[in-house]
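Next up: a single chain in structure tokens, the form predicted alone.
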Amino acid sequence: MNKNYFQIIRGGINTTFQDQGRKNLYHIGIPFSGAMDKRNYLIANKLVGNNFDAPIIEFAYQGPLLKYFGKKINIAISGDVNFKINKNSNEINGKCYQSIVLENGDELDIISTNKSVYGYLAIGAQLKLKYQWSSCSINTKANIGANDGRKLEKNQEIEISKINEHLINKKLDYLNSKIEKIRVIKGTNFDYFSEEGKKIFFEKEFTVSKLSDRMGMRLEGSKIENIVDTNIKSEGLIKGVIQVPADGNPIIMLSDHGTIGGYPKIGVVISADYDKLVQLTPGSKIKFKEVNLTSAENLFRLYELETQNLISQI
């Protein structure tokens, strides 16, 4: 068989190719993008023997239905995901965090994520994808990355240039845990807000709204009062920064965020909590907890060590 590929029977919701993203392009308006949940991205690639920067298929809520044609190949799915494999009309319930061998004619049906947003499909192979600025990550707002910057759709093919030589059998015992409070450091415009507004930000509960995607997460709750100016001169934004527009409802900038903005910034989500933040579904409750910069740095080092420890167990 000369050609190895996946046929997309159903595209799913917001199914894209992602890797570790683009670096140092903020000055031309290009954010990092890349996998929303970095830990699950890295684990999935390790389970199939890929490099840590290999492209992966990220999906939200409902994943794709794929039919495979070609030689035996390894795949793995990470996240809290419900999926099935159809082999010769036999339906098999899939298990996350373990490598799975697909054969010619097998179908992979990624039905849904469970009380989370994002899941990841790693394919043990080199994929034929277009790169821009050293990354294949798709940013649908800017139409850049693989697949002409668009979501994956029905009847498309995912072409494979080279299957990994060894069909490894690996698994990891891992449970995606929830987080009680999202830790933040103060933003550059923290003093724009009233004492009552600051108190609300750190003591009250917020709800994740339906108006959330890879670009940003809108929250709803008690209004945060601005006593200086609800608009500022546009300045640089980073992933995880929390803006508060005139309506008083916070917006958290996520991986495909715009690189400048004119809403005052009350805080920034620490990097160690970002993976768990992005997995919060609409209707989820959020409470913020303040930490200082030193604590944020130490927590990130701990997060990195924990991630490396998990990967070393595979």
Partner chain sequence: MIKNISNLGDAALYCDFGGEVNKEINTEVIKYFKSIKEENIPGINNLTPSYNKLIISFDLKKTDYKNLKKIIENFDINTYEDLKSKKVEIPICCDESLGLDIKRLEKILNTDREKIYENFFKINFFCYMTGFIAGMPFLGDLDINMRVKRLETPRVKVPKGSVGITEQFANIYTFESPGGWNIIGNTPLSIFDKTKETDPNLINPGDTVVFKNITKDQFQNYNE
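These numbers were taken from a predicted model, which means no experiment stands behind them. Numbering follows the first chain given and starts at 1.
From this point on, the text means the form predicted together with its partner chain, which you will not see here.
The three residues T259, A296 and E304 all sit with a heavy atom within 4.5 Å of its partner chain in the predicted complex. Comparing 111-119, 85-93, 139-147, 160-168 against its partner chain in the predicted complex, the single stretch with non-hydrogen atoms within 4.5 angstroms of it is 139-147. Remark: I57 does not count among the residues lining its partner chain in the predicted complex, judged by a heavy atom distance of 4.5 Å or less. Proximity of L65 to its partner chain in the predicted complex: non-hydrogen atoms within 4.5 Å are absent; the residue sits far from the partner.
The closest heavy atom approach of I200 to its partner chain in the predicted complex falls outside 4.5 Å. None of the heavy atoms of V228 is located within 4.5 Å of its partner chain in the predicted complex.
Residues K233, S234, E235, G236 of 204-236 are found to place at least one heavy atom within 4.5 Å of its partner chain in the predicted complex.
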